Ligand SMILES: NC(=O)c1ccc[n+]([C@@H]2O[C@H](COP(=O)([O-])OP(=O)(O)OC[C@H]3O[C@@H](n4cnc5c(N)ncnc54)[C@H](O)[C@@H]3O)[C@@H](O)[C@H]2O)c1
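Just one chain is shown here, as structure tokens, and it is the form predicted alone.
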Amino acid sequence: MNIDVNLGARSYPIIIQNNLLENLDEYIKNEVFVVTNTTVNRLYGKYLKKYAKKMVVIKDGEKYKNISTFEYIANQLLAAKIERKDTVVALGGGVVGDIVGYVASSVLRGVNFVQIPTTLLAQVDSSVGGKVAVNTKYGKNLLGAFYQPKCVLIDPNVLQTLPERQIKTGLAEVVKYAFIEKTACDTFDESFTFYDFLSTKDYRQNYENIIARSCQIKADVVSADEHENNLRAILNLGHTLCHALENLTNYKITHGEGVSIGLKFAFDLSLKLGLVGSEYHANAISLLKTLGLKTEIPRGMKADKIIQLMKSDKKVVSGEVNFVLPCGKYDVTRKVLQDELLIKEILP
């Protein structure tokens, strides 16, 4: 199954195929530089070794998505005499994909890179669209670039080794796509929506379809607005609160856990503002809970600190928090909220 991200000269395919890792000869023709982490290397590094001019292995975890790891990878590639015509393959989840893409955008002022995502979250979201970055002490993804891969190679079979918590993390991004589908897609079909699909199908039996639909929605958005000047901002539904919670917990909650909590918060805020009705609000929260996703902000979080961190987010406008909020079934809008008291009413 192929999906195209249409960006003119920077266009590339997303290829979704079971057992793809066992058939890489079809896609990798020359020696490449491979970057992965310790966990993924143990499970799947063997599939890339025969293509690798150099294997770079980093530690596993969001806390290593920083400028120190960026420098380590860059130095490893430079020491191995990487050239501009070479390709770097990111084999791993969102952390590996984001940091490797940022390194690829910078080393020699830009080398080719390929994404091979191994988590559900990376397969449905972070590997597509060219947002690459590292975290800083001031917040998540505050150093980065827009830099598109040459292709994204997705093997749904790798999800068999993914812990359940990481599956849930990816499902949060999947549900986000269901909530934005109408706004995102010119070809939106209300007769059977992605929301309906997730509400009626067992996700465990439908990973390939779920990945494909999520990627198609994101590809449509990115193709229309590569650099987030307008439409692409809708992909941030649930993320403003999410990034604040990740920072406050020192990334002890996963990105997807933060997103699902952020989705519930966004629906609560929309209900308060009269942007959505009580029935759609209740159905949306029910879907989150049916899929086993977190919806409650961790105990001990102070509203003032959460708001302070949300104001450090990339999406801030003139010092005010810029939210993406549901405004109807599968439809979202952007809204700058100056009323902190209103926000505090939703926060604990």
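This structure is a prediction, so every number in the text was calculated from the model and none was measured. The first residue of the shown sequence is 1; numbering continues from there. Take the two forms, superpose them, and find the largest set of C-alpha atoms that agree within 1.5 Å; that set is the rigid core.
Omitted here: the form predicted in complex with the named molecule. The next part is about that form.
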TODO: With the named molecule left out of view, choose which of Asn206, Thr161, Asn230, Ser106 has a non-hydrogen atom within 4.5 angstroms of it in the model of the complex.
DONE: Thr161
- [ ] Heavy atom within 4.5 Å of the named molecule in the model of the complex: which of Ala284, Ile297, Val40, Val34 fits that? Just give me the one.
- [x] Val40
Open item on the list: If contact means a heavy atom within 4.5 Å, which one of 26 to 34, 303 to 311, 289 to 297, 57 to 65 is the stretch that engages the named molecule in the model of the complex?
Closed with: 57 to 65
- [ ] Consider Asn247 of the chain shown here, and say whether it contacts the named molecule in the model of the complex, taking contact as heavy atoms within 4.5 Å.
- [x] no
Task: Thr183, heavy atom within 4.5 angstroms of the named molecule in the model of the complex - done: no
TODO: Give a yes or no for Gly93: in the model of the complex, does one of its heavy atoms lie within 4.5 Å of a heavy atom belonging to the named molecule?
DONE: yes
Task: the named molecule contact at Tyr51 in the model of the complex, heavy atom, 4.5 Å - done: no
Open item on the list: Do any residues of 117 to 145 have a non-hydrogen atom within 4.5 angstroms of the named molecule in the model of the complex? If so, which ones, in sequence order?
Closed with: Thr118, Thr119, Leu121, Ala122, Asp125, Ser126, Lys131, Lys140, Asn141
- [ ] Take the rigid core as the frame of reference and indicate whether the C-alpha of Gly139 shifts by 2 Å or more between the shown form and the other one.
- [x] yes
